[in-house]
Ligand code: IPE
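One chain comes next, on its own, written as structure tokens: the form predicted alone.
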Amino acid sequence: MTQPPAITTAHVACIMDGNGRWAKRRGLPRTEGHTAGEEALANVVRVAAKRDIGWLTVFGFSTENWVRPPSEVRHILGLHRKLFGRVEELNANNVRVNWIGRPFDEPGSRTPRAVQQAIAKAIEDTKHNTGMVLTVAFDYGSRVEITRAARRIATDRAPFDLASMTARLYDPSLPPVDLLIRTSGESRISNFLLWQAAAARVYFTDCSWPDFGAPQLDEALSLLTSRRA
């Protein structure tokens, strides 16, 4: 077995792509791919918590994903409730849950109340953990986030500079992304953390998200060790 790369604490972001294509190749409904993808995420969280990763941010559901078929959206929403409900496992791995996306009380927010409650409960139930921070981007779009920050600067009559923009993002405490991972052969970043990932290393892989695990994560992390060598 290869040893996991030794890195300093990093912020890793994942675009978890390929669930539907994974299912199609197996003659399964797309919903089965999303179910397998949720299991893969739970495994990646367990693995990442044992690496020197301080922050893991995943693209759970974008502002554009609402146009998918209603049955598929309902299934994905159910999986997110399941993800946020894994509190016992998250606590066992000392993982603290975080969330970014359109605030629930602002115009345009579409996060159902049941998912809102699951998010709030997971954040509350893991708030004392001191290990890796798992941030789920749900009902998230980076251009919406940046536009909102710019509008808040104007409303606050604050200086229009980098510090003011950063302070008005959904979560200003998130550090810059060190490594951005995109699975399933797509070579684009799809409106994800455009501000935070400005200087990130980018790792593209043909591996579909349901098949992404420790070997693939360690290969991606090797980009950071080569940069810091």
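Because the structure is a prediction, the values reported are computed rather than measured. Start at 1 and count along the sequence shown; that's the residue number.
Although it is not shown, the form predicted in complex with the ligand is what the next lines describe.
Participant: Within 4.5 Å of the ligand in the predicted complex: all of 61, 65 and 68, by heavy atom?
Facilitator: Checking in the predicted complex: 61, 65 and 68 are all within 4.5 Å of the ligand.
Participant: Since exactly one of 76, 133, 136, 115 fits, which has a heavy atom within 4.5 Å of the ligand in the predicted complex?
Facilitator: Answer to the contact question: 76.
Participant: Only one of 10, 207, 220, 16 gets a heavy atom within 4.5 Å of the ligand in the predicted complex. Which one?
Facilitator: That would be 16.
Participant: Looking at 199-207, 166-174, 27-35, 42-50, which one sits within 4.5 Å of the ligand in the predicted complex if you count heavy atoms only?
Facilitator: Of the options, only 27-35 has residues within 4.5 Å of the partner.
Participant: Does the ligand get within 4.5 angstroms of any non-hydrogen atom of residue 72 in the predicted complex?
Facilitator: Yes.
Participant: Select from 184-210 the residues with a non-hydrogen atom within 4.5 Å of the ligand in the predicted complex and write them out in sequence order.
Facilitator: Result: 188, 190.
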